[in-house]
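Taking the form predicted on its own, here's one chain by itself in structure tokens.
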């Protein structure tokens, strides 16, 4: 164990004396997060694939129809696909993950709204998705504010109209003129009323019920997990590359001249790569919190996911270096592999903007499980129940690739000796 520790200490000291390469790799995720976040999060638009939303109308009244039609008009029609279902069918489809969200309008919704009584709309979010249900929640919340505010402002004209319609007659021209004259000045008061809406939105995720924390959505939290993974893969590649450099420079031959076996060298290189990558990741998370105001969520779940992610990155690099014979081969092969893993996993192009085929393919990329897990923890504040599958896959890939990579490297090192 002491021999492994000495190898790790030697590598760490060398990195501290010459940290330029690691610092350059740290700038990649920070630059990507800043550029993409500012361009798309503040000044541009992100083109998302259509979001499937189930809508169960248990009311059938005027206010419910107004809500439904509002969800199907203009830009919203380009963003979401509203499928009308009954409540039982909607819950069944949600349990099978067939939609991003289910909106339930309760019976008596229109009467409550028009009578000025408080009511609520229920929203059930798909726990298998992180970002799209949040969009539906924001849209639904905006619609409830608009309807509730309009009813408060135009309460008297609405009541007068209801009394005329209840008498089974249409208003006369004089009555219409009176209604318009009464409603006109109220338009200026809309901003003062919409903040106190009659309609509330209750949101839940069935598999992991939890209250959504207060605050607005941070677009940087949506971008940075993918950017971080790109940096971690490249930093792992740089640190594991030392095996090739030392072998080509003859340093390993001098090490093997002492009482050191190949297993000591491999374990030392893997542990030093893990330590350097872990320190880099923690620094990126700290910068994300300070510079981008990202609230990373439950610390224990986050740390467990970070450790597994780094184990996976180091394991993948160890496995690949077990087949690479020279630095030139590493230069030609590894950047391509990293970019392919990141593209298919949603690191460079968010998973949510991909087409259906690419979304299915993304799950075969190890990058997806890291990125989606980080989004669940940071954005959804998911606990162990929300990320256990991600942890199992990430740690599983890390353990398998580390074991296979160590075996391959041992064969190569002993063959070199």
Partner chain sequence: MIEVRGLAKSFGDVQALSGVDFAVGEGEIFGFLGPNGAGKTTTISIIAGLLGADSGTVRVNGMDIAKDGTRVRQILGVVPQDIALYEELTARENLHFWGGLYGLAGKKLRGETDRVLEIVGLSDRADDPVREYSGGMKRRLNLSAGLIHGPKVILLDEPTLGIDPQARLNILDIIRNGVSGGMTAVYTTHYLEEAEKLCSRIAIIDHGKILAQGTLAELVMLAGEGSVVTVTGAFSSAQVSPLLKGITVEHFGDGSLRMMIPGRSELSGALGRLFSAGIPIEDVSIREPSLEGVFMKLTGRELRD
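Quantities reported herein were computed from a predicted structural model and do not represent experimental measurements. Numbering follows the first chain given and starts at 1.
A second form of this protein, the form predicted together with its partner chain, is not displayed here; the remarks below concern that form.
Stretch 252-260 is the answer when you ask which of 305-313, 252-260, 284-292, 319-327 has residues with heavy atoms within 4.5 Å of its partner chain in the model of the complex. Although the partner is absent here, residue 81 is not a contact residue: none of its heavy atoms lies within 4.5 angstroms of its partner chain in the model of the complex. Using a 4.5 Å cutoff between non-hydrogen atoms, residue 10 counts as a contact of its partner chain in the model of the complex.
Although the partner is absent from this view, residue 410 stays clear of its partner chain in the model of the complex, with no non-hydrogen atom inside 4.5 angstroms. Among heavy atoms of residue 89, none comes within 4.5 Å of its partner chain in the model of the complex. Residues 2, 3, 6, 7, 10, 13, 14, 17, 18 of 2-18 are found to place at least one heavy atom within 4.5 Å of its partner chain in the model of the complex.
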